[in-house]
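Considered here are two forms of the same protein chain, supplied as structure tokens in two stand-alone entries, structure 1 and structure 2.
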Structure 1
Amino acid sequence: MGIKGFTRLLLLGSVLTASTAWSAEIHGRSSTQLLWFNNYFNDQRQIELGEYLRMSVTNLDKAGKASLFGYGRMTQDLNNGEGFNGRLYYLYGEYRGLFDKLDIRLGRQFVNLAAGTAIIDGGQVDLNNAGPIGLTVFGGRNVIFSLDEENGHGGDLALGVAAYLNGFKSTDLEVSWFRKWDDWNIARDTLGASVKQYLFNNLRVYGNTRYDVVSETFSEVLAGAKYYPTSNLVLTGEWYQSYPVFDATSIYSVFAVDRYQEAVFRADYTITEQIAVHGGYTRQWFEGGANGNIYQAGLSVRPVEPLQLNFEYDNNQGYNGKTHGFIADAYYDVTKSLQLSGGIAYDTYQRDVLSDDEIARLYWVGGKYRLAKNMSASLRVENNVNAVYDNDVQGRFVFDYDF
């Protein structure tokens, strides 16, 4: 299904151009990539050639309301025996403004509600110009990807309904319901809500929640606020709680799980156009009274116009182990078309009190060159040195073409 679907995506542009050349506009990006890495499943070196294609075909009708969108990839393993693989992420037709009130999508698409997300082969209808309340309804076959292919049954379905405020400049609000079937059995049944409110021109409060109907528990709750006292200072505070919920049809649904909570405080301050700093603190709460503390601090400096230097330090202490380390990277614009970059990540960690400290390091260099306004090439090579590998060199070369 994935390989055939991606082949259809490759042929879509030329077919539509021939049939509707009087109006159709085709845009997108072709990204050709060569990757080399260590395959952790068989501990063998692997070289892989990939093609990622994203495209849109608009103005299929005189009114400019009909469009097509697609995105997929295909890869060929060159030396490790995994062969050819393809994956179609989305390929759907869209008609906007039917009766000046309805937007309709048909085909493979990513759907996203506060209550849940999925990739479906089906349809979505959005009623968005009929008053202060908008409605979204979608349904279709739930697309499940395994490591190498699509993996699912005939009875894998997804259905969602949402109501949201429409036309309020400072307020976003959505209430939704999402259900998923696994081989005709109910796997997920979730209620969700999302809210965002702007106040006093310098304060944004927001929140999200999901309630799992099957297990009768809130699986996720997020409440936060961002305060902008000045144009160059942002203060953020968040509280988050999660309770792991698995599909009702999964064996993991019978296992005991623990609730997790955290509070996050962060400040981002732009001192000048050349200097910016940020700092943060996270307090973690685990089941049984255990807790953790994470401290972060970062600095971004542009000492001269073409050079950007970034540094970040973090320190994690508590129930989930003891770690501290830093990330440093640099970006240098040699010319308007050429950028060179490099960096290092260094971490010292202790998994538990009975083990010794271990060190993990990552070194990388890279570059990007713009060949033309719509063409660019980039290269990144990195080496991981840790408790498992003395050397783990991997890299990626990318050629992007925009059309």
Structure 2
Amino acid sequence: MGIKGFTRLLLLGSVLTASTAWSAEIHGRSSTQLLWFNNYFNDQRQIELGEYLRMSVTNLDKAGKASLFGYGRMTQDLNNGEGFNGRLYYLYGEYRGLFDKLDIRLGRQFVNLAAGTAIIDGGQVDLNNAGPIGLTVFGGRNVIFSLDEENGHGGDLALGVAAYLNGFKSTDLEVSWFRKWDDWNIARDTLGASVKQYLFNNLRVYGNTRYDVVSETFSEVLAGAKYYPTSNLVLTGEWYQSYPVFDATSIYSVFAVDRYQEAVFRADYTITEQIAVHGGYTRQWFEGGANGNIYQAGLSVRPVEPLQLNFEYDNNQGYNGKTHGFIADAYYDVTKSLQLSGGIAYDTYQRDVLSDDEIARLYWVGGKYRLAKNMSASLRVENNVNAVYDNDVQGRFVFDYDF
């Protein structure tokens, strides 16, 4: 993938050069990064130089309907023998408003329907502005990323079709179908639906489901409501169930599995402009009688204008082990150009009844300096102290240039 991705980025560069003759607008961000970290797989320190590039080329035609979008990265390991690595996240051309009704995208892109999500090398067509129902169709090669590279076969494909309500202010509804091929065999056939409805100016009810056609089960069902008694308070109640499904090409797809269910209750309250709190409780049900309880609480405070403090705590007590811990962050705007920040993450966890509690701590400090309106430099350093490492310092230096 690395070489392919790099070639595509170069191609994008050549297109950009040509496009400037059309007075196209080119915008984006170049992010040059120096990363240092502990490579978990060979237990060696690794230092990498990376270039992350995101760009958009708009107004490719006079009507401003044609655009190009790209995002990728290249990294070079400087000391650990991992060498060059590259990844192309997306690179697609888009034409919006063909006949005032069609939006067309061609190239590598992220596609998302209620029935399924994928990155594809292919195309997506949206039919909208043609009445109360909109249609989306996409298809192409299913791009699968592994840890470092692309990991797939020639016959990995994805196809999706969706119909949705179009132009309704208070109602969103989509029904969709998603099919995935694994090396030319059909791996997934999923029907999906999502719905949102705003009611009485202060209530939103919503739902989302996926039905696996192969195993004839609902792999996911979510139903929830958000109630806003005031604009500063959000109360959430949700019920969710999930049933594990696998590609039909995997031996695991023919094994019996258990259902998982959870109920969530939450409150988010912005008390004043300086103080916001949130809290939640999740009840888990595993078949066979096991249960779990998750408690969450959070606080965000801005005592003086340049300082912001955030704190989040959660506690998970279930059959599947115990975890509890917190995250605390602080941000201080020294000047308009300079921000300093730091934080702690502290977790205690017990993997199973046979093991003792273990503690993981993460300390980090960072700073960001805006050199100019379109240039900034930032540095973040963190140290991990846990059961695996007494001391694991890693970080990144970033120079961003916006154009």
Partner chain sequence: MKKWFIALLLLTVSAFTVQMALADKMSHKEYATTPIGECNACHKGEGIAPNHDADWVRGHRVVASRAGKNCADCHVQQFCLDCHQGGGIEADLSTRTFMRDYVPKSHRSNFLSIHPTKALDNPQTCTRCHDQSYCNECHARFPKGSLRIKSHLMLGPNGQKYSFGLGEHAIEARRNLQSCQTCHPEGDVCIQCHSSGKTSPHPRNWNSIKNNYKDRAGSRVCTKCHLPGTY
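Bear in mind that the values here come from a model prediction, so they are computed numbers and not experimental data. Between two forms, the rigid core is defined as the largest C-alpha subset superposing within 1.5 Å. Structure 1 provides the reference sequence; residues are numbered from 1 along it.
**Student:** Which number, 1 or 2, marks the form predicted alone?
**Tutor:** Structure 1 is the one predicted alone.
**Student:** Does residue 333 count as moved between structures 1 and 2, where moved means a C-alpha shift of 2 angstroms or more after fitting the rigid core?
**Tutor:** Not so; residue 333 is displaced by less than 2 Å.
**Student:** What does the CA of residue 146 shift by between structures 1 and 2 after fitting on the core? Give it in Å to one decimal.
**Tutor:** Value for residue 146 between structures 1 and 2: 2.3 Å of C-alpha shift.
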